[in-house]
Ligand SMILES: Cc1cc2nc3c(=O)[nH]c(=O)nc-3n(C[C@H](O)[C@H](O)[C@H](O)COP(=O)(O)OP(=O)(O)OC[C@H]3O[C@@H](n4cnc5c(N)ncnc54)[C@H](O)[C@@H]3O)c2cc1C
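In structure tokens, one chain follows: the form predicted alone.
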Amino acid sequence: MSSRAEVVVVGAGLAGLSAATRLAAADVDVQVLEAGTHVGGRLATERIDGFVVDRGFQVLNTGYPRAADLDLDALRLGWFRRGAVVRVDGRAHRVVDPRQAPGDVVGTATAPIGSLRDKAALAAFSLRSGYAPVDRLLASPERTAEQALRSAGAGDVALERFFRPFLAGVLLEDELATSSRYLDLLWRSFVRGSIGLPAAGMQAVGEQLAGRLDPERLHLRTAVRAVSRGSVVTDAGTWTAGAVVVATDPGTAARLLPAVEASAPRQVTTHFHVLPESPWREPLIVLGQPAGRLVNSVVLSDAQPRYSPDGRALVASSSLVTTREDEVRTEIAEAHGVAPSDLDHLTSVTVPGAQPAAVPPLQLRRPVDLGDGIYVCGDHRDTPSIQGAMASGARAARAVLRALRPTTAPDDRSAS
């Protein structure tokens, strides 16, 4: 069977959906082909024994500029507090954003994550990243994240007890070898935004975008075997199109488009447990210890109560290497101050290729127009994040519109 469309988008992750919804809004005949059984790409959610379980520990950061594309109210977000819990010598210490919890300033100032000078350096770094113009951040000398933090005044204690475990859970690497420019952009989003979980799980983000498309334009379980100028080959037949947008994971993109060099070397293993009740009074992430296997552990249902069907606490604990549940159970229990026997193991998931690396030199806004009517988007074309995926999808849509609707195409200088 052969079909024709003005534009075919390969992949229904956030990049592909961001491109497709923009094209559809411009009255372009766009069709989306997705190999999997759901929309949203790596944002996947299932229900296990009534609990809402995402594919790994994932969150939505409203500080991302492209979060403005979403109806956040409709997602019914539950919120984490800005900050973290640091355990030192068995004691839990809270390090929180003083803007959100002014009464906790003294506790944060006395937390054992370095000297007052270290904490002043953290505040200054946050102010710079959060409020300096983006152009100035991107024009600053590029180095590794660790070099940038040390240059900002963070000492060994602050690095090992706070920055390294906190950032490892986001960057999925604990050497802090990530580009300082990406660190600036990432920290900016933390300073300016809030971290939340949709009531129905992270897959709801992709489903909201897909809901803006005519259902007949979305084709699940449709694997693409080959892409060439004006042609997309699937097991069911060939599509012809004026433009093709490849919006897949990096490995698939590189296979379909030999000109694309992309990989996703970061991986993460997340263990989900259930506790009879939460041991905490507020939704804060607990950072891993310097000698431990975990990078973090958090009671998800403290931030989003709808993740639990009955008031019990749903806990997610992540490591950067593949771990067995029995290898980290004691460490998880110690993080939350409970007995190992209190933890009821729900499931574990390892996500290989969880995100691309962003090491120096950072390649922001990599080309999405490959010529000959072929386009590519995904977080491997921008930053390894929800923001990067959606921003690259928006750029691809604008590039397609410039080719197909040159008199009405939007200005590409608009926000990424």
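Residue positions are given as counts along the sequence shown, with the first one as 1. Keep in mind the model is a prediction, meaning the values are calculated, not measured.
Although not depicted, the form predicted in complex with the named molecule is the subject of the following passage.
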Check: Taking 4.5 angstroms as the cut-off for heavy atoms, does S385 touch the named molecule in the predicted bound form?
Finding: yes
Note to self: So in the predicted bound form, is the named molecule close enough to Q58 to count as touching (4.5 Å, heavy atoms)?
What the structure shows: yes
Checklist line | G36 within 4.5 Å of the named molecule in the predicted bound form, heavy atoms | finding: yes
Note to self: Within 4.5 Å, heavy atoms only: does Y64 come near the named molecule in the predicted bound form?
What the structure shows: yes
Checklist line | Contact assignment for the named molecule in the predicted bound form, among A223, A120, A74, A139, heavy atom within 4.5 Å | finding: A223
Notebook entry, point to check: Mind checking whether each of V88, V157 and N296 has a heavy atom within 4.5 Å of the named molecule in the predicted bound form?
Noted result: no
Note to self: So if I measure heavy atom distances to the named molecule in the predicted bound form, which of the stretches 349-357, 22-30, 364-372, 66-74 falls within 4.5 Å?
What the structure shows: 349-357
